[in-house]
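One chain comes next, on its own, written as structure tokens: the form predicted alone.
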């Protein structure tokens, strides 16, 4: 017989579990099932097939889009970590009375929608934008630089959008490090650089990995930024999914793309979690 004390935790978990099952597990199960069905006249049929995946992996255009998506995700993840770590380290170690406002300033990009932030970069980077005007005014260029559409612009826009997530993740890891460990290393004669490389950085590696994985997963699934700052020559998986699902109404190919995207993200996160758990047990 289940007692009230044992039933209470189950009831607390039941609501979020039901929410995840209805709005995450079921839709993804339908997406996976649709990826193995043929489409005919913009309608799904009952005929099972693997041709949808063969279609995507068999054409250079779609293989390039898949590769481009992961390259963008890797570049954005690396840039987020490189830019967020110094900022998070300063915020974790500073004793200034302005620490709170500085943390709020670091997270300020989250106050604006991703579309607004991305259009801000479009205003800066387009042929008649502020950056080209500045370069011409300084005499550094004679004509406008073509910065849009490009993969570089997408990487810049996504890095700006996802930087606060990297700061939060790494800041949490740095706040969990006992400052006495760094003081002990310094008192034993280690330089600040060696203390950072041998003590602080290894202990905060979990936050670095978490920041990279979070930025990578969000970058490869981003739609607004690649759409605004990219173009037909810089298609990503998210823009292709929209095109197949909404414009072409080919739900089979769109579902296959969505399945590849979700499984790739989940596999990467699982690998990162296992590596983190193995490191924690060493």
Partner chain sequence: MRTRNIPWAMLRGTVVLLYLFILVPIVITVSVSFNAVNQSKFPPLGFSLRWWADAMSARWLQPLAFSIELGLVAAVLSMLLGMPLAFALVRHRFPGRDALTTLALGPLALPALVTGIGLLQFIHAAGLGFLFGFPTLLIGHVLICLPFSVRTTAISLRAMPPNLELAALSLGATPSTVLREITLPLVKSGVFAGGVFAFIHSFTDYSISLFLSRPGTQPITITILSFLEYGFAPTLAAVAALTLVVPLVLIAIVQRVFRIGDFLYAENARG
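The term rigid core refers to the most C-alpha atoms you can superpose between the two forms while keeping them within 1.5 Å. Numbering follows the first chain given and starts at 1. These numbers were taken from a predicted model, which means no experiment stands behind them.
If you look for the form predicted together with its partner chain, you will not find it shown, but the lines that follow are about it.
Contact annotation for residue 67: none of its heavy atoms lies within 4.5 Å of its partner chain in the model of the complex. Looking at residue 238, you'd find a heavy atom of it within 4.5 angstroms of its partner chain in the model of the complex. Contact annotation for residue 95: at least one heavy atom lies within 4.5 Å of its partner chain in the model of the complex. Although the partner is absent here, residue 27 is a contact residue: one of its heavy atoms lies within 4.5 angstroms of its partner chain in the model of the complex.
This chain is drawn without its partner chain; in the model of the complex, the residue among 124, 205, 151, 190 with a heavy atom within 4.5 Å of it is 124. Taking 138, 112, 201, 146 one by one, only a single residue has any non-hydrogen atom within 4.5 Å of its partner chain in the model of the complex, and it is 112.
Heavy atoms closer than or equal to 4.5 Å to its partner chain in the model of the complex belong, across 99 to 122, to the residues 99, 102, 103, 105, 106, 107, 109, 110, 111, 112, 113, 114, 115, 116, 117, 119, 120, 121, 122, ordered by sequence position.
Superposition of the core reveals a Cα shift of less than 2 Å for residue 263 between the shown form and the other one.
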